[in-house]
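Form predicted alone, single chain, as structure tokens, below.
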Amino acid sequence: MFGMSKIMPTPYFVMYENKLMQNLNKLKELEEKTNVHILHTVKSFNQSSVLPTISEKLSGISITSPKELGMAQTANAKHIHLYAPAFKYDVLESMSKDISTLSLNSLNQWETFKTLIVSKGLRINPKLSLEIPEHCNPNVTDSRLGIDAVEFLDNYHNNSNQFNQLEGLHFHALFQDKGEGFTLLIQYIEKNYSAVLPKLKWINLGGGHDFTSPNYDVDTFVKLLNDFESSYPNIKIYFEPGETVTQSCGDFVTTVLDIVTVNKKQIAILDTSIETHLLDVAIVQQKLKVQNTNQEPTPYLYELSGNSCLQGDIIGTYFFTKDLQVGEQIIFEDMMPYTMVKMTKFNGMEKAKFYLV
């Protein structure tokens, strides 16, 4: 890592600007090919030194709170979309003058805020049958995120006048989708909302679109969007794809503080913790990508653990290409999305630094 890892004290996150620009240029090209609007979600990545660059390239920013609104404004976001599962009246009222579009999460919230002067929409749970990890599947039948699709359509058909001020619909149904799920989502919307679509000004198709993956089916995406826009030319289409904006753009660098052997198992204790710098590991229980490791077994098997007093502070077990040494640096790859936004100071640890290079 161009010597930087030997100079800067660990732990720290490092983002490579050239890789970020590759992602942003790819997303911008997708916008131009389809006339859609891609919004960066601040909850996935919120570094103030980088947000203006993202904002300049993309169509806007998606937020959930007054604090994130301030970040979007500082970054000069061209369009600001607001969504949260529920709002306090005074908070939403004060934010409404500074946002572009708003998604409400329930019919109760719609009744409370439908007279608010802002372009309003409703988030719908379409309950699509997709293979998505349980912890982040927005399609489950008992999800609190979004109005049950049948409930909304029944209410709309029985009394459409209560939705006279409805300008948008919001569907967040996908996860790391390469295009197959998006095809199902578009087909679902066209089939079930034909009575609603002609009256709308916008649709937010949410996150979970893996746009910057080399395996994303761009051709199918472009065709589906162009066909939809031909049928509904007055509807603006927004996406808020989250991690695809900053994926593969940076690493997390740590140091081995000690190596202990317990029941013949070698445990490397790092100057980090899943509770402070890697909270997504604890919640999602994901297997991180670590430099100088193999998928196939090697003689150098180590459990990587954190330096907190929590017994469960275990990052994972990895086969390395050689013996680890105290003082050696361990580099976790692709660590920009959903990491720094979740940092804490658990056990008195300081938050990790961030560098843009």
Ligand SMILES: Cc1ncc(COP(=O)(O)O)c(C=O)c1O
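Here the structure is a predicted model, which means the values were calculated and not measured. Numbering starts at 1 and follows the sequence shown.
Below: the form predicted in complex with this ligand, not depicted.
- Though the partner is left out of this view, Y83 does reach within 4.5 Å of this ligand in the predicted bound form, counting heavy atoms only.
- Heavy atoms of E243 reach within 4.5 Å of this ligand in the predicted bound form, making it an interface residue.
- Contact check for Y338: a non-hydrogen atom falls within 4.5 Å of this ligand in the predicted bound form.
- In the predicted bound form, this ligand sits beyond 4.5 Å of every heavy atom of H37.
- Looking at 200-208, 261-269, 149-157, 224-232, the stretch with residues near this ligand in the predicted bound form, meaning non-hydrogen atoms within 4.5 angstroms, turns out to be 200-208.
- Three-residue candidate spot T41, R123 and H172; every residue lies within 4.5 angstroms of this ligand in the predicted bound form by at least one non-hydrogen atom.
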